[in-house]
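The data below hold one chain only, encoded as structure tokens and taken in the form predicted on its own.
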Amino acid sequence: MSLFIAGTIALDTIETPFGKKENILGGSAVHAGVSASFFTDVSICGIIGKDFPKEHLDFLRSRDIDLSGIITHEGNTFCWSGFYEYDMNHAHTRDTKLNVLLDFDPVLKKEHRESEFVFLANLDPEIQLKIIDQLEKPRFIAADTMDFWINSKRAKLHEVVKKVDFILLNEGEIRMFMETPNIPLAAGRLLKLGAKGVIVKKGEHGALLFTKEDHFSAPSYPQEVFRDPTGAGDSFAGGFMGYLAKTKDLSFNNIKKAVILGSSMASFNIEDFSLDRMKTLSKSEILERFNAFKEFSEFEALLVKEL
């Protein structure tokens, strides 16, 4: 198995200035898994209820995603309802129904325990730790989180950071978690805590990558079509992890390419609601956008005589 992803599988109701959609496919594992599936073989682990539409499972299978890690439980699927105003960097929650997510207690299959590349999407850090403990010889683990877990299970989240290679957070989360408004300082604290790398997702302002030896600033894509930002961070993570799992190259230069591919995938995700843009996305479009990132962020060195 090339990439194993554990996270939420959800039915979302989302309203933005560009429309409203009810009971659409969502969840951290879904957005990350679909994004990663453009680069590598993917298996996702999560829990759904008896109400989960078959058409969504059929779509995931159409992306050749292994669904053997999904548990179907009596009850209803995890649901999130929220809205965005014109500042679509911030989601406003209307309602959250955890439903079967309260019963999620993953026991990994043999092929999943043997996964080399693992992404722990947004989940209770206690569940993330339980999954880590079942892995046999992982080569690279990345984890995501959110403000709710930072506030409610900070100590457990510290344990997660110590056991993963990379931690992914948005700029508000890293400031909250490391208790400083200074992002480079916050990243340095996470590296001292045990992470080998930190990625700070800045939404429409790009992303930052920090390791102990290097750092990299990824630009944002000048987005003209922007309908729904839900799942953008997970799509970023899926593109990032999918490319690393495909290439199996963990050099800093390749990680930088993975960050740009993550940004590319996130930029496609926000062009429509749910996974609708991903259903029409082609590899040629991904390559074209990656090259656009490279073109608009390149510049020549400045010579002393030019000053």
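We number the residues from 1 along the sequence you see. Given the structure is predicted, the values throughout are model-derived calculations rather than measurements.
One more form of this protein, predicted together with adenosine monophosphate, exists but is not displayed; see below.
(request) Although adenosine monophosphate is absent from this view, report whether T230 comes within 4.5 Å of it in the predicted complex, heavy atoms only. (result) Flag for T230 set to yes.
(request) Indicate whether L123 is a 4.5 Å heavy atom neighbour of adenosine monophosphate in the predicted complex. (result) Result yes; L123 sits at the interface with adenosine monophosphate in the predicted complex.
(message) Even though the partner isn't displayed, in the predicted complex is F117 close enough to adenosine monophosphate, meaning a heavy atom within 4.5 Å?
(response) Result no; F117 lies far from adenosine monophosphate in the predicted complex.
(message) I'd like to check something about F140: if you look in the predicted complex, is any of its heavy atoms closer than or equal to 4.5 Å to a heavy atom of adenosine monophosphate?
(response) Judged by the heavy-atom cut-off of 4.5 Å, F140 is well away from adenosine monophosphate in the predicted complex.
(request) Tell me, out of F177, F104, W80, Y221, which residue has a non-hydrogen atom within 4.5 angstroms of adenosine monophosphate in the predicted complex. (result) Exactly one listed residue reaches within 4.5 Å, namely W80.
(request) Among 142-150, 69-77, 156-164, 211-219, mark the stretch whose residues have heavy atoms within 4.5 Å of adenosine monophosphate in the predicted complex. (result) Contact criterion met by 142-150 only.
(request) Note that adenosine monophosphate is not shown here; using its position in the predicted complex, name the residues of 5-29 with a heavy atom within 4.5 Å of it, in sequence order. (result) Heavy-atom contacts to adenosine monophosphate in the predicted complex: T8, A10, D12, G26, G27, S28.
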